[in-house]
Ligand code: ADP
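Below you will find one chain, with nothing else, as structure tokens; this is the form predicted alone, and questions on how it binds or moves follow later.
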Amino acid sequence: MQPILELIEVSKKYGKNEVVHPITMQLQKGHIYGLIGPNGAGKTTIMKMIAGLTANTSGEIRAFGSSMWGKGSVENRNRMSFMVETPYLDGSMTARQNMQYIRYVRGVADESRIDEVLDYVGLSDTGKKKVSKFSLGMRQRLGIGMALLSSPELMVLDEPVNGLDPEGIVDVRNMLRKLCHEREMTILISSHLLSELSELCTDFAIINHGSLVDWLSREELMEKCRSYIAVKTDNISETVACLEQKLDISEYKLVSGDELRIYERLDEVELVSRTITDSGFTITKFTTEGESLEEYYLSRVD
């Protein structure tokens, strides 16, 4: 299947400083890709290169099977939309007026599309309220709406849930998931809320110091985020020694100094529990859990 978007050995230098090392990525139709990395990792620079806001130093960016800047590039770019960093909004205008401006710029013929999208992002009741009076969350919603107006096939969103309350975050998550499933839209999204990305995305790209350090599907992530037995007792250090001696347990780690995570014997939880209690320790926590996206991410960027 032809990728919607390809980055082929794409890099970016500012002077002698290479902020994005050569990376190769392929985005397929109908997937939601999470771009993950610490501040300064190169996420926004990658999005800016895709959007044409800054030129890549080397490599090639291809959209819908052809070069981003080659023949047919204008038509291809009309099939894409972007919200990189802060959405550009005119504070002196209303939400509808801002959308009207974008409609003209993007050549969207159907004016009723404005009301449809404003309703979609929860801003249909803002009336004559100027955008300068909007909360940060409302501005983010409007930015997403402006990106949606042209019914793009590929949408690139940089921190789209920034400033939203928990209810608003859930609304945006459900909206993006719906766009992906119902319209087979491809979405590339960055966020510092990794728990949200883990709920939303089908694929994950981890960026660190300008390099792509991991590229994996949700299924691969779930496999890598191993399950474990989480144990707390009244004496965790002696509990560890006991389990090493009596059950020959070696695949474990201590977290925060008081929780033991055991990555083996997962089908023998009763034996592990009984061994601990029979050895005279009091169990204060004993559950089977799994590592989160945050934990896996931190293990890859250390």
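The numbering used is simple: start at 1 and walk along the sequence shown. Keep in mind it's a predicted model, so treat the numbers as computed, not measured.
Although it is not shown, the form predicted in complex with the ligand is what the next lines describe.
Honest question, do M93, R96 and S132 all end up within 4.5 Å of the ligand in the predicted bound form by heavy atom distance?
Judged in the predicted bound form, none of M93, R96 and S132 sits within 4.5 Å of the ligand.
Based on heavy atom distances of at most 4.5 Å to the ligand in the predicted bound form, which listed stretch, 229-237, 270-278, 24-32, 43-51, is the contact stretch? Of the options, only 43-51 has residues within 4.5 Å of the partner.
Decide whether N39 counts as a contact residue for the ligand in the predicted bound form under a heavy atom distance cut-off of 4.5 Å.
Yes.
Mind listing which residues of 2-18 have a heavy atom within 4.5 Å of the ligand in the predicted bound form?
Contacts from 2-18: just Y14.
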